[in-house]
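Only one chain comes next, encoded as structure tokens, the form predicted on its own.
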Amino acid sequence: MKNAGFERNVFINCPYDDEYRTLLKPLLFTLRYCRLSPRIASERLDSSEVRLHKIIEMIRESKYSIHDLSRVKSSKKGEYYRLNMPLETGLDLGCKEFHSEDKYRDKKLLLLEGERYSIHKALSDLSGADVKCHYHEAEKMVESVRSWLVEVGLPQIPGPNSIWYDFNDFNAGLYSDFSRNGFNAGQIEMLPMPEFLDYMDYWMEKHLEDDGDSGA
């Protein structure tokens, strides 16, 4: 599913390192499974494009946003804490609060953390905000995102186990199909995001949409 329009777009603000891909893949799958269109900075790569401009464009185009702030502290001595994700969260909150168009007042945001109460410790201005915790576990990511979608009013959301089992089937199909096309396991794991998203749409259409499944 390409850019589906404001009402179905979900802006994703998250880490982009190799470790986080184990959480990013089920996050993207859950959204697409629920008929939403994930928007992520790595969906298109153009060295001539200013990244911040691309982020602002995606925020403007998305009614929904997911901000994973699970990296709120450095992992080792001397390491810099990356501020991109808090910056993008602030841009999105500003769009919701200050944009002149009324539709932006209805933007829906999900804040995610990897450890309970870590966001409130790092960003005290967000005290009182509802935050969901995925505990750095892929299955918990599915549960957290699915629960939020229900809470913001999306209808006919499949149960978390259905999404999780189908995600594992999808992942098996991904490895099988790309292996036959000349990829090794490491290359499949690090597929460029546009290629991964295209295959996800292909898999959804083949396995779910043609069967009339309400979850895709």
Partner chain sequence: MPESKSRIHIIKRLGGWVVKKEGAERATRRFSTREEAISSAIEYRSKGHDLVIHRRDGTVEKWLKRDQ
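Not measured: the values here are computed from a predicted model. Residue numbers count along the first chain shown, from 1.
Although not depicted, the form predicted in complex with the partner chain is the subject of the following passage.
J.: Just to confirm, with a 4.5 Å cut-off on non-hydrogen atoms, which of Ser147, Ser42, Asn161, Gln187 contacts the partner chain in the predicted complex?
T.: Of the listed residues, the single hit is Asn161.
J.: Although the partner isn't part of this model, could you tell me whether Leu111 comes within 4.5 Å of the partner chain in the predicted complex, counting any heavy atom of the residue?
T.: Judged by the heavy-atom cut-off of 4.5 Å, Leu111 is well away from the partner chain in the predicted complex.
J.: Quick check on Ala172: any heavy atom within 4.5 Å of the partner chain in the predicted complex?
T.: Yes, Ala172 is a contact residue.
J.: Does at least one non-hydrogen atom of Arg180 fall within 4.5 angstroms of the partner chain in the predicted complex?
T.: Yes, Arg180 lies within 4.5 Å of the partner chain in the predicted complex.
J.: With a 4.5 Å heavy atom cut-off, would you call Ala138 a contact of the partner chain in the predicted complex?
T.: Result yes; Ala138 sits at the interface with the partner chain in the predicted complex.
J.: Quick one: find which of 162 to 170, 149 to 157, 66 to 74, 53 to 61 has residues within 4.5 Å of the partner chain in the predicted complex by heavy atom distance.
T.: Result of the contact check: 162 to 170.
J.: Using heavy atoms and a 4.5 Å cut-off, decide whether Asp17, Thr89 and Ser124 all contact the partner chain in the predicted complex.
T.: No, the whole trio is out of contact, none within 4.5 Å by any heavy atom.
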